[in-house]
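Structure 1 and structure 2 below are the same protein chain in two forms, each given by itself as structure tokens.
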Structure 1
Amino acid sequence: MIETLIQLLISGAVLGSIYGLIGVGFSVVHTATGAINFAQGEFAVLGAFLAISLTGADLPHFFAVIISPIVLTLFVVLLFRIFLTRVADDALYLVVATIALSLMLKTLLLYFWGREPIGLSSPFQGKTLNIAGLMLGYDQLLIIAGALIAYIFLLFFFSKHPAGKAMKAVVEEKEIAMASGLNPALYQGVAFAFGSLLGAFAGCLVAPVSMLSYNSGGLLGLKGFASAIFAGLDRPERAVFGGIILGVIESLVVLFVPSGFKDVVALIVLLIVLTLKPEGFLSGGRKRLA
């Protein structure tokens, strides 16, 4: 029993790291624009698919995983420059534009990569670590590591790096930021691109474990959004832990309820947390209107 429990905890942590990695992208975009990027899940799938195509062209796994997010980011920067700057100021319209974008991206994914799910061949060949009967695959381990790296990186970025501080400043008080010489559209664009970079990175890490299809973005996006909310949107890096908590809950819940109700329980926990702490479970505690 205890072994099962620990195994479930591990599974939950892996699942949660996936959610969290997608979730940080949401928070980062929200940090600068105040909007939710509904195409985040599609960005993750797009990142994974690009990496798959690159490995298909005989590029080593490692390079594919690095190049794919960069290519995607460039694409998003262009997209933002050409179209989205027009609505960057208005979170509501930006949200609608991302909803539309997710529909269009889905079709493009279907067109270029086909209807069937595809997986990224893993450099570890599905090898498994066996610690006293507990099983943990190397790929899974990599996902958890990726989530932690993202956490540390973002923590550093937002507290130390000038661009991170500027991004926070833009969303906190846009007009003062402008008066301080910051061009909000620039930082909104940067945040958007950065969010998609994180999404693509998440996609690349997830692809070896779970085969993705052009249609997978919706579910990933939903769980990522939940993780971001769980953690509080004002602290982007904490979405990683928001995701892990969500994943662990989902995983453990399976023990007690039929798995059809797994999500119901996870959502109810989320609702309770939101009612107790409206600004997010892990948030800094400062009340602010989202």
Structure 2
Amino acid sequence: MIETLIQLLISGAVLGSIYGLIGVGFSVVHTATGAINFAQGEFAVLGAFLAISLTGADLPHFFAVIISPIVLTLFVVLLFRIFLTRVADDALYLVVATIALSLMLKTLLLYFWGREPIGLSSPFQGKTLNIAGLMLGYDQLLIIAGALIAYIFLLFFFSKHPAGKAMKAVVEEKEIAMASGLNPALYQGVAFAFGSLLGAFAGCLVAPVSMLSYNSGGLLGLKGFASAIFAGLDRPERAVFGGIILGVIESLVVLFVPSGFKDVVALIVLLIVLTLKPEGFLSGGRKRLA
């Protein structure tokens, strides 16, 4: 029983790391724009599918996982420059625009990759690490490592780096930021690019361990959003831990209810947080939701 419980905790931490990476994308965009990017889940699926196509073209797995997020990020930068810059100053219009973007990306995913779920082949598939009888796949280790690296980078970026501080300033004190010579559109575009990069990276990490389809973005996005809300949208780096907590709760739920109900956990957590502490349980205390 103890071994089963520990295995569930590990599985939950692995899945939660994916949710956390996607949740960071939500928080970063909200930090710079005050809006919620509802296309974040589709970024994850599109990043995974691009990597799958690249490996299908005989590109090594390592390069596919690197190139796919970069290509998607450049695509998002172009989209933001052409379409979203005009509405980036109004959080409500930007939210509506990201909903439209989500629907557009879902249609493209269906058209180019079809309805059937697909996965990303990995050189680490089937390779596991046995620690005192507990099995942990190499791909799972990569997911946890990726989440921790993202946390360390974000912690430094938003607390120490001038660009991270400026990204927060353009939405919290826009007039002062502009008077100081900051260009809000630049930092808003950077936030969208960074969010899409993290989303695509998360998709590339999860694809070897879980099959994805064209409509997987909705569920991934919901869980990522719940992770960001749980941690607090004002602290993007903490979304990683919000995701891990959510993943662990989701895994433990199967001990008490049928596994088919575990996907409802994210929605329940979201409702509880919004009801009891909308600024987030891991937040610095500022209550700011678009």
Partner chain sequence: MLGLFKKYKNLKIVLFFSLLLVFAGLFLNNEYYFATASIFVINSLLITSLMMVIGYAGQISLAHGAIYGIGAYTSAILTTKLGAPFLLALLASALAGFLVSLIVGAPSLKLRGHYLAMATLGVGEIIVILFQELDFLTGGVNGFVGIKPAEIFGYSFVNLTEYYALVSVIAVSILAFLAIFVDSKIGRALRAIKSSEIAASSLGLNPSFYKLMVFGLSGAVAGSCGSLYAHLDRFISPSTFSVSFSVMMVAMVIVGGESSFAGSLAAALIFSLLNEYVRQFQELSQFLFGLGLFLVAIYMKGGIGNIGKIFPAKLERVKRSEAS
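A quick note: this is a predicted structure, and the numbers were derived from the prediction, not measured. Rigid core (definition): largest C-alpha set, two forms, superposition within 1.5 Å. When a residue number appears, read it as a position in the sequence of structure 1, where counting begins at 1.
- Remark: the form predicted on its own is the source of structure 2; structure 1 originates elsewhere.
- In a rigid-core overlay of the protein, I268 has its C-alpha displaced by at least 2 Å between structures 1 and 2.
- Core-superposed comparison between structures 1 and 2: the CA of F256 exceeds or equals a 2 Å shift.
- When the core is overlaid, the C-alpha of K277 ends up 3.5 Å from its other position between structures 1 and 2.
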